[in-house]
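Two forms of the same protein chain are encoded below as structure tokens; each is given separately, as structure 1 and structure 2.
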Structure 1
């Protein structure tokens, strides 16, 4: 039996030569001591493979029709065997891929692995980063609920800010002049065929280049990269101290990748997929659309910039991001690789991480969104139950002031807190502010009667630390 198997394998190998190619690839020599920092690239690939297989499985039940997708998602989530788990894995797989692509990029940058001769592989990596984000956005839209529909509108409006061709771009995204039957089919084709095909191509180039130029050796402080001598130096390391990739270096990738797969599985099992929102009916208006976490920070940025900068930021920020990242290996393709001698590199990573982190925290709070759920102020906060102050407190809620202004823990955070406004502003100041409005505030001049204004001012005046 054993002999039969061996002769079959030999016959196959003699005709194809595939086994030798695979063995050579697996055992190609890599620098020693690559360590745990080198696992993130393979982990990103594994996350991508999970996305491909779970995505194909989901596609066997998902209906990519604007009118039916929502029902098919509900079927997958609540009725299909393990559908909930599968949707969860596709979601957490996406999250893992975005996170790992980011970490992989950070590690490659901090260790200077993008320097000569690996500049072009950095470029293919940048392309893969943006393709991954494009998959994230289009994938979120396939969760075809109310949030998705409004996200498409917001996306189209942003595209519409482009000079001259904006209207065309927006209509291209919507697949028409309104959200409708053609919209989802188009995003489905992008998410499932078009973008993945490009990703496959670029992963192919990315991996080919890893083999062509070799895995970078761990950086040593004080040993700068010199394009004139690097290749010989690298050859020397490989020839003298190189170890086979499999299993000497690859076992760490295996351990980490298995941990990633287990994490995706467990998170999906415990938390499940994101809840489906209301049906994708554009006539349902009670919705504040927000992207999934990986783009939430950018959403926060658009909310926080001065209003006049909206169009330039929408148009130029993503473009600047791409250009800066593509310029990295052109600006510095030689010299020190070790982060100890590259303070600016370390500082820029810290700044970017902190910036995105801060925007994330803000996006979770959403202080720029009016709080439509704000409840009327209770008597305990108002401080009395008779007179103009009570009427003013009622108006404070009814006229929408409370949606944007907080008083003693009630209300929104769009505008300044008015908990102690009586200590800050006089009666005259308050009247002027209310009547004239401001940068973000409506002028209430035509919207309040004289009595109402008086009550409102009386209420606000009573907001003092000492009554």
Structure 2
């Protein structure tokens, strides 16, 4: 049996040469002391493989039609064999992939690994970053629930603001004038076929460039990159101190990748996939739609900036980000690599991480979203239990004012606080605001009787620091 197996392997190798190629790849020399900072690229690839495997498994039961997609996901989650686990792994795998590709790019930037001769490695990495985000965006709609549908509607509305081609982009995104079954089919095709195929292609190019240019050696302070002499210095390092990729360097990749797979599995097992929202109803917006966590920071940015800046930010922020990332290896492909001598590089990474983190925390709070679960104001806040002030306080809750306006810690934060509004606005001012409405506030003219308007104004007038 042993001889037969050896004969089969020898015959396979004689005709293909694949075993020698794999052995050469495993044994190719790399710089010494690469350390744990070099594991994130391999871990990102493993996370993508998890996405492919779990995605194929989920696709065997998922029905990409507007009438059946939601029910098919319910079936996968509650009835299909290991369906809940697979959905959880697919979700946490996507989160891991986004997180790891971000860390990998930060590590490459801080260590100057994008400098000569690895400029194109960086460019392909930038493309892979945005393809990963595109995978996350297209995948969210496949849940086909209320939040997913309205998230895409918001995305199409943003795309529609692009000058000249905006209407065309929105129609392409929705596969028509409005969201429907054609939209779901288009997103399914991009999520399952087109974008993964492009990712596979760029991963191949990225790995080829890594082999062609070699793995970047750890930066040494005071040894800048000089394109005229770098290759000779690199070859000298490899020839004199290089170690085989396997096992000397790759064992760290294996350990970290196993940890990533285990973490994704355990998170899926313990927490499961994200819960589905209500079935889609494009005619009803019951809540502010929100993307998955890795895009929440951008969602918060758009919600927090002044309304008049929304369109410029929507159009210019992503374009500026792409251009800046692509220009990095062009404007700085030589010189120092060590972070100690590149304070602006370190500062820029810290600023970006702090900005994204702060916006993400703010997005979790959602101060711009109405609080539909706000409780009626208690008597202790109203200050009395008889008269028009009490009736106005009840109207303040019943008409939804409290969902957006906070009074003494009760209510939402979408609009300005009205805790001491009586000190700021007169009775006439309050009447005009209520009747005419304003930005993000409906006009109540015709919705309130004269007595109701008087009660509501009386309650707001009573909101003073000294009563």
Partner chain sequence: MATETAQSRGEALSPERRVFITKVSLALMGLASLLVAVPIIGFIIGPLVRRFPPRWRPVGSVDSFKIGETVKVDFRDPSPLAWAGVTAETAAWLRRTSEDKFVAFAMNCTHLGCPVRWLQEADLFMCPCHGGVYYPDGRVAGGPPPRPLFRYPVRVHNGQVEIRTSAIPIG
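All of these numbers come straight from a predicted model, not from anything done at the bench. Definition used throughout: the rigid core is the maximal C-alpha set that superposes within 1.5 Å between two forms. Residue numbers count along the first chain shown, from 1.
One of the two isolated chains is the form predicted alone, namely structure 2. After superposition on the rigid core, the Cα of residue 437 moves by 2 Å or more between structure 1 and structure 2. Superposition of the core reveals a Cα shift of 2 Å or more for residue 400 between structure 1 and structure 2. Think of the chain as two rigid blocks: between structure 1 and structure 2, the small block swings through 19° with respect to the big one.
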